[in-house]
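Before any questions on how it binds or moves, here is one chain, the form predicted on its own, in structure tokens.
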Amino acid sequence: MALSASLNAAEERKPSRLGRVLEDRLPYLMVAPAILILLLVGLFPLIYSLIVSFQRITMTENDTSFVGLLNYAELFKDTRLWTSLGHTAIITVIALPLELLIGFLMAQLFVDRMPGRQLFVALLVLPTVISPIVAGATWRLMFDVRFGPIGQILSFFAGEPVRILWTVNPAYVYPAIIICEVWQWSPFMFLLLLAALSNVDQSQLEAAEIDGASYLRVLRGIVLPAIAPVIAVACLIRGLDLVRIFDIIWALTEGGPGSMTETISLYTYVQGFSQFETSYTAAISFLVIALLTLITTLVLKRMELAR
């Protein structure tokens, strides 16, 4: 009888079938609201923009009928679009290697222990935490031909007044943008590469030093292969950021003079919020998404092959 009572008590303590199902699926139920919000915030606008890109919606016309690939066909005839992509490529190709090189040199400088190292690292990273629009506005003031300190410093060294219209003269607008961009984002590269250099196997470096290997040989044979994955990821992140650059250029030149520094992000903004070509702007956005997806896929495949 006692055995029967204990068995009954054990049966009562066992969770029901419904209870087991709820217990198994509880983690999914807990994260479901967050996933739903992310889908609504991210996926819904994407799908809606895709639908709009196949319509003909402008400021004066609200034609929601299906027009096929009309907007996408117009992309290939839009010379200003491809010119803006060329401007974006110029800035990316110049700024990215400079940021990588400066970041690497700074990381090499601070990889060894030194007094005040943490303080200097914290100060060097400050430009990265500044909003890009604020950084662009600050550099615009510094480049000002009358009151900017850069003109005054150049005048001091030249011994005569130096008046350079950094944000107007076609010969200087790209250097001004690249200086501002490199100043703000080189510390990002520096931080990533500093962490990577700190994790390089010290025993290999010591062995190379004992064998009398030169700095360049150690760099090429030990250091660069060890930090290559971090370099690839850092370049990928910054490359994608540079492709969608907007804030700094808007604050410095607003795409001028004319449309000389108009990047793909600025052109998309002009089409969407100045010309109100809503459907055409959506088509531009998906063209950029397709190009970035292709570039990212090729880079990731290259990284896989490098392994």
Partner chain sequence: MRIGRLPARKARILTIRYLGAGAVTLLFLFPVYWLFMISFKTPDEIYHVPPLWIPGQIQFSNYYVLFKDGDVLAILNSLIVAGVSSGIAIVLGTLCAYSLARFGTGGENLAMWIISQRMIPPIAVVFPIFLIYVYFGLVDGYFGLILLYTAFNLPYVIWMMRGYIVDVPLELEESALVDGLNRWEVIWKVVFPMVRPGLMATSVFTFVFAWNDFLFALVLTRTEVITFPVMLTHYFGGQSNFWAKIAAMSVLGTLPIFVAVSVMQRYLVRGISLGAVKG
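Only the largest set of C-alpha atoms that superpose within 1.5 Å between the two forms is called the rigid core. These numbers were taken from a predicted model, which means no experiment stands behind them. Numbering follows the first chain given and starts at 1.
If you look for the form predicted together with its partner chain, you will not find it shown, but the lines that follow are about it.
Engineer: Can you confirm whether 41, 209 and 292, the three residues that make up this candidate site, all sit within 4.5 Å of its partner chain in the model of the complex, judged by heavy atoms?
Structural biologist: Heavy-atom distance to its partner chain in the model of the complex: all three under 4.5 Å.
Engineer: Please pick, from 93, 228, 75, 109, the one residue with any non-hydrogen atom lying within 4.5 angstroms of its partner chain in the model of the complex.
Structural biologist: Comparing distances to its partner chain in the model of the complex, the residue within 4.5 Å is 109.
Engineer: Would you check, heavy atoms only and a 4.5 Å threshold, whether residue 254 touches its partner chain in the model of the complex?
Structural biologist: So residue 254 counts as contacting its partner chain.
Engineer: Though only this chain appears here, would residue 169 touch its partner chain in the model of the complex if you measure heavy atom gaps against 4.5 Å?
Structural biologist: Contact with its partner chain, no.
Engineer: I'd like to check something about residue 240: if you look in the model of the complex, is any of its heavy atoms closer than or equal to 4.5 Å to a heavy atom of its partner chain?
Structural biologist: Contact with its partner chain, yes.
Engineer: With the partner left out here, check for me: in the model of the complex, does some heavy atom of residue 258 sit within 4.5 Å of its partner chain?
Structural biologist: Heavy-atom contact with its partner chain at 4.5 Å: absent for residue 258.
Engineer: Considering its partner chain in the model of the complex, find the one stretch among 170-178, 120-128, 81-89, 67-75 with heavy atoms no farther than 4.5 Å from it.
Structural biologist: In short, 120-128.
Engineer: Where, within 126-165, is there a heavy atom within 4.5 Å of its partner chain in the model of the complex? Residue list please.
Structural biologist: Contacts from 126-165: 126, 127, 129, 130, 131, 132, 133, 134, 137, 138, 139, 140, 141, 142, 144, 146, 147, 148, 149, 152, 153.
Engineer: Is there a C-alpha shift of 2 Å or more at residue 147 between the shown form and the other one once the rigid core is superposed?
Structural biologist: Shift of 2 Å or more: no.
Engineer: Do you see a C-alpha shift of 2 Å or more at residue 76 between the shown form and the other one, with the core held fixed?
Structural biologist: Residue 76 C-alpha, core-superposed: shift of less than 2 Å.
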